[in-house]
Structures are given as structure tokens and as C-alpha cells.
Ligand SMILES: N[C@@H](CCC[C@H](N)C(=O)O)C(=O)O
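There is one chain below, alone, in C-alpha cells, taken in the form predicted alone.
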């Protein structure tokens, strides 16, 4: 099978995109997805995303981790998919689409995409870390000297040691100013550090506000792949109107035999 694909990245979080409105891509083929995401033998990406038809929204997002397994919500992937849908002419400046965690609304202006995330109802505050679900499960832990931290080693230790086989994404955070933070993330499914994680920086922003580290509800997050912004509103013990804002760019288009 000759497959046409597009490569997108959002602050260094990169994805193979496939227009699957005609149903050409075989579902749940973990070996195929893993091959396409392989950086030495395939295209190379943190994940693969199918754009599919949906009866009640503009399109449907189906997301696979680099290990080939269908996964929970990916914020940067969602932003890149909005840019892809815009490129294909499916949507213009505004859109709504269905993902694994429900309906999402988004806007796009040139290469900047603002994606509305799902509400967060609960934050589990522990002595040394926070845990919350922003479409995917996230562990948020503050550290010092983040640039020199071995994120792969320490992230894997927490991902398996605290959360078992099901796992969690692990975010390490260092405060830069009153409303900005530096974040590095170990992603389950990729099983390594990624240059950026959308649901992760969303979890970090909310955790930092909830714990009083910042009083701003519009937070700047610096990742190894670039800058993202997160805005939100407090809603009782939870949060609503959460937006993840940042660039989403097409890198190249190609075909591959698989």
C-alpha cells in the first residue's frame, strides 16, 4: 500500500497526519503505526493522527502513540490537526471536532491555533507532586536545575514506579517568573522525553495556579520545543474555558510504501 501522509509539528511535538476520510488506513494496526513513527526505519514522529469524517462535527481525531497503540487526548496533536484540516479546506478560522475525550472547539489564525481543552474537575494534591487529568493523566512535580535533570531516567522511574503498567505522563517544572514556567515532559506511549506536550503544559499551568505559585490565569510555558500559553477560568474546585495556544506548522508531505 502506498500511503500519502503529512508531517506536522507543534513546538517540536511532531505527528504523522493522514487524511482518512475515505477509510484507507487500516484500524488498530499497531505494527504499521509503530513503523511509520519510527525515526530510523519510518517517517519519524511522536504519534500518528487520522483525520476522519464525523456526523456531528467538522471532523474526528483518532490519535495513536508512537508505540502503535490508540491513546488518550493529545493537545499539540489536536492543534496540529486543526491546522491540517485548515490546509485541506475542511475548516476556516473556527472549528469543532470530536476526539477521544469529547468535543473540542478551536480557532486558527495563520499558524497560531487556540484549542479549547476539556474542563478539569479535580486536582489531586500530594506532598511532592500534583496529579490531574487534562484529557490525559499527568503527574506534575516541581524541581530545581531542570536543564540538567535526566528526564528519561527520572520520568520512567515515576511513570512505572508510581503509576504501574497503565502509567502517567510525567512533567517536571521550574518557575521562571510570576506567570511563566519551564517544563520538560516524559510521555507514556512514546516512553521518552518529548520536546513539548500540550495536555502536559495544560496540567502544569492549572497546577501552578491551584497551588498558589502564580495568580495569573494566563500562563506562559517554555518547553524545549518552544513557547505555549494556557488560559483558564476557576470554576468552584475545578477549571473551565481552558485554552491551549501555540503554533502548529506543516513540515512536509510525502508518500511511503507500507
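Treat the numbers as computed from the prediction; the structure is a model and nothing was measured. Residue numbers count along the first chain shown, from 1.
Not pictured, yet referred to below: the form predicted in complex with this ligand.
Heavy atoms within 4.5 Å of this ligand in the predicted complex are found in exactly one of 196-204, 229-237, 211-219, 28-36, that being 196-204. Proximity to this ligand in the predicted complex, defined as a heavy atom within 4.5 Å, holds among 139, 104, 188, 184 only for 188. Contact annotation: residue 80 falls outside 4.5 Å of this ligand in the predicted complex, judged by heavy atom distances. Proximity of residue 116 to this ligand in the predicted complex falls outside the 4.5 Å heavy atom cutoff.
Using a 4.5 angstroms limit between non-hydrogen atoms, residue 71 touches this ligand in the predicted complex. Heavy atoms of residue 65 reach within 4.5 Å of this ligand in the predicted complex, making it an interface residue. Of all the residues from 154-170, the single one having a non-hydrogen atom no more than 4.5 Å from this ligand in the predicted complex is 169.
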